[in-house]
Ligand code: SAJ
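One chain comes next, on its own, written as structure tokens: the form predicted alone.
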């Protein structure tokens, strides 16, 4: 395999694992980030986020000399853009990070360079990347056509399993033209074990949005069932377990809402692009977002029986056994309850060392002091709890972590 110079823009949950993986494949990788602290941390061979075995991989890659970090890119054969794509308050997609990264690499691309957008993006964003590069590098156009290649390959990994899934998962690759698709497919086939499927950039963009919207709609159905079952006096988890015995039924599990950088954000990209026709996707988002207030109402209802209730919120991250707080419904619930009950709300999060917004409480102290225990994230520390430790407490289990 040819050794390549690869520049990865963004050293977050996708960029850093990708950069370190490519370095262990023998490529010369430069990771670029706007945060100087992140750059300094990685340059020491350390990491700034929590992901199983990532610390070992990064340390090995840095020590081998194959991975380095910088605030500025350099000329490379391949550029991978892995920066955030959030949305504005009105759910309008915000691709300014992608556009900024594209402008940053523009002076460094060359003829035959391959630019890959991995950030989950609204349909048409990859074409926007190519447009910016054409505008800034007219010297790389030949007969009006670029001599560089631009493609989209959306990440498809699960936090907690990123290193495994980066290699083993199937990938969807779509270029802005057939030759870009061909070049990008060949690149991924050289570094992953999963099958690589070729398409165009718009289909690749839409594919990722559809995958996440599908899961969001399914979870919304489960969350709506949990609200109905609470009213009807039915155990929703027993109901779903039995309904899923049907060979063509697969209902997901309800929870306090939906969080993370994908499921809570990506469906809005489709709704924003065509609000008139994306009715089901919009409704699912609204159901999942509303679950936060529904949980808070349940806590308020139980808290009325106490003069000065102490409420322990177990979990702040958006999913179990990770430190990622992005779009977390558990964090939003805790914030809302603290706004009403102040220091009477104890936040427990074993995967986060410090939280500047408010203090964290250790699990033992929270269980000792709490009148009400709200299970928000099924971290391993919580699901292993002896039921006796919950005795004589009001327990509101939003995610089925207590048996």
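Computed from a prediction, not measured in an experiment: that's the story for all the values here. Numbering follows the first chain given and starts at 1.
Omitted here: the form predicted together with the named molecule. The next part is about that form.
Among heavy atoms of residue 122, none comes within 4.5 Å of the named molecule in the model of the complex. Taking the partner from elsewhere, residue 157 is found to have a heavy atom lying within 4.5 Å of the named molecule in the model of the complex. Though the partner is left out of this view, residue 202 does not reach within 4.5 Å of the named molecule in the model of the complex, counting heavy atoms only.
When contacts are judged by a 4.5 Å heavy atom cut-off, residue 215 counts as touching the named molecule in the model of the complex.
Heavy atoms within 4.5 Å of the named molecule in the model of the complex are found in one stretch of 145 to 153, 255 to 263, 75 to 83, 298 to 306, which is 255 to 263. Just one of 133, 292, 271, 219 comes within 4.5 Å of the named molecule in the model of the complex, counting any heavy atom, and that one is 219. With the partner omitted from this view, the residue of 87, 319, 128, 183 that lies near the named molecule in the model of the complex is 319 [heavy atom within 4.5 Å].
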